[in-house]
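Coming up is one lone chain in structure tokens, specifically the form predicted on its own.
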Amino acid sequence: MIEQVRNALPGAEAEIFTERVARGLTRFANSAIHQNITTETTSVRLRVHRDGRTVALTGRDPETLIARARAALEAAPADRAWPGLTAPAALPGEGNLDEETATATPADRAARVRDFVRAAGGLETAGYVSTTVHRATYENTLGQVAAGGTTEAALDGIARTGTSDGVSRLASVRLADLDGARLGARAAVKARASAHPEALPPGRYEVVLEPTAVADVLNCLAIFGFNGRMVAEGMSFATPGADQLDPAITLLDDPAGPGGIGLPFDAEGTPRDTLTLVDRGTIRGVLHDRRTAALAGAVSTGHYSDAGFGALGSCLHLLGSGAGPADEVDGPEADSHVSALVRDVERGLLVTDNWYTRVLDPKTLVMTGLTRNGLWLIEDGQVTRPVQNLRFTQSYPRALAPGAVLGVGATAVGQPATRLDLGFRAPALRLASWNYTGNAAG
């Protein structure tokens, strides 16, 4: 298609990004599957710059896109900030794509649902199992050519008593990594352990955030903290080179690493490799696309997003403190790595989920939200009783500031992506203080 563009629009700079996404989704409620959906979509994005004007269009038919681009260029405003196209560059690889996941059937997903439901031991269950394969190609008039793909398999399910819910979540490149029985049993233990919660006064508490809650922290850091546009406009807390977070925090964007979920290049054809955002508490990197990089006098890191508010992460990976798989435990903790953090807490809270979070101040990244799916009081290193959900107002960078991180779980756990190309690998965190401002129903 790039030759068609050259012939139809002589002298233009042009790029073509083609995505093919196939997703299988199996939903269950009341402990039974109620929906199976399979979707396959193909989209073509054509961006053209000629005579100082830029247009970007999406569609499926090349000839129609080229004709639309020609007409749109005549009416487009001047683009004085055009950053140019990506020059030819090698990719770090073709992406982490598992063929068994790419070809998974409804029966494969249903087997995980069956195991989850059975392991819940008669509790009501609900959730989903999904498999996604994301393939893409890119080419431009400078000669950059790229192709790659990735897969994600995810299970997100709850078990429910009359007064409580318990949740288990896991995401991986491989569907084979999702053990429905283990996840269902864990959700059921959490649900039973959080039944009949008691009220707890609002205030500042030491917390152990499980990986399911840490994923929300990483999501907000990706959108508001390390977004190159936010940094360039002075709307982010992040200052490259500054020691702003605790030395226990090392954060990567790592779609190309082992287990990373994400394409090895972005929609501008820029290769994505392992990018260190935070190195032992020091801000080392910022997420850039070509425009934000030009604005900042930097280079693109391969994080173009069509969301409209700057560059976004692809696979945020908060490094754990050790290695090795976690073991199952008897209590409500997600696993033995979480239990190890709980043992050192004199008085605090074990938090399963941060939910319904909204930004109050992007600059300081003050967020408000609720706990969900299990909240317990910790006393003298033991989980003692379930407590009712609480509302919080908390600056996420302040919660991770030097001296505020008291412990990091041994290994990171994959968590389901919040959008097609933004996933997470998160360990549990033990934090010195989290500000709870009121009680919340449910």
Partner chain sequence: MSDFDEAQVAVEAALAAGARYADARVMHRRYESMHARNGEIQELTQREDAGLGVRALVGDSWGFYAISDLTDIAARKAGRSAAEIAEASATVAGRPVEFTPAAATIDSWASGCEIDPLAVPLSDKGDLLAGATKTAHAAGADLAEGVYQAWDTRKWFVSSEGHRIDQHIRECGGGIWATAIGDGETQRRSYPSHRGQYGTRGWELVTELDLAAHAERIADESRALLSAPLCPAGETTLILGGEQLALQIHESIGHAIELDRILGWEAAFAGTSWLDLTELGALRYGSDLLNVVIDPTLPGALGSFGYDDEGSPAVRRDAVRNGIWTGVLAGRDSAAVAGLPYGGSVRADGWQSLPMVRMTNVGLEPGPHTLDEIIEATDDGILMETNRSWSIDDKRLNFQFGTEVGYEVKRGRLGRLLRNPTYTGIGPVFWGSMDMLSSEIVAYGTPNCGKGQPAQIGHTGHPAAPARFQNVRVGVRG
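Numbering follows the first chain given and starts at 1. The structure presented is a predicted model; accordingly, all values stated were derived computationally and were not measured.
Keep in mind that the form predicted together with its partner chain is missing from the display, and what follows is about it.
No residue of the trio 1, 8 and 279 has any heavy atom within 4.5 Å of its partner chain in the model of the complex.
Its partner chain in the model of the complex comes within 4.5 Å of no heavy atom belonging to residue 384. Contact check for residue 402: every heavy atom lies farther than 4.5 Å from its partner chain in the model of the complex.
For residue 72, a non-hydrogen atom is located within 4.5 Å of its partner chain in the model of the complex, even though that partner is not displayed.
Mapping the unseen interface onto this chain, residue 68 counts among the residues with a heavy atom inside 4.5 Å of its partner chain in the model of the complex. Scanning 176, 359, 294, 147 against its partner chain in the model of the complex with a 4.5 Å heavy atom cut-off leaves one residue, 359. Among the residues 63, 40, 51, 380, the one placing a heavy atom within 4.5 Å of its partner chain in the model of the complex is 40. Of the candidate stretches 226 to 234, 244 to 252, 133 to 141, 84 to 92, only 226 to 234 contains residues with a heavy atom within 4.5 Å of its partner chain in the model of the complex. Contacts to its partner chain in the model of the complex (heavy atom within 4.5 Å) from stretch 175 to 197: none.
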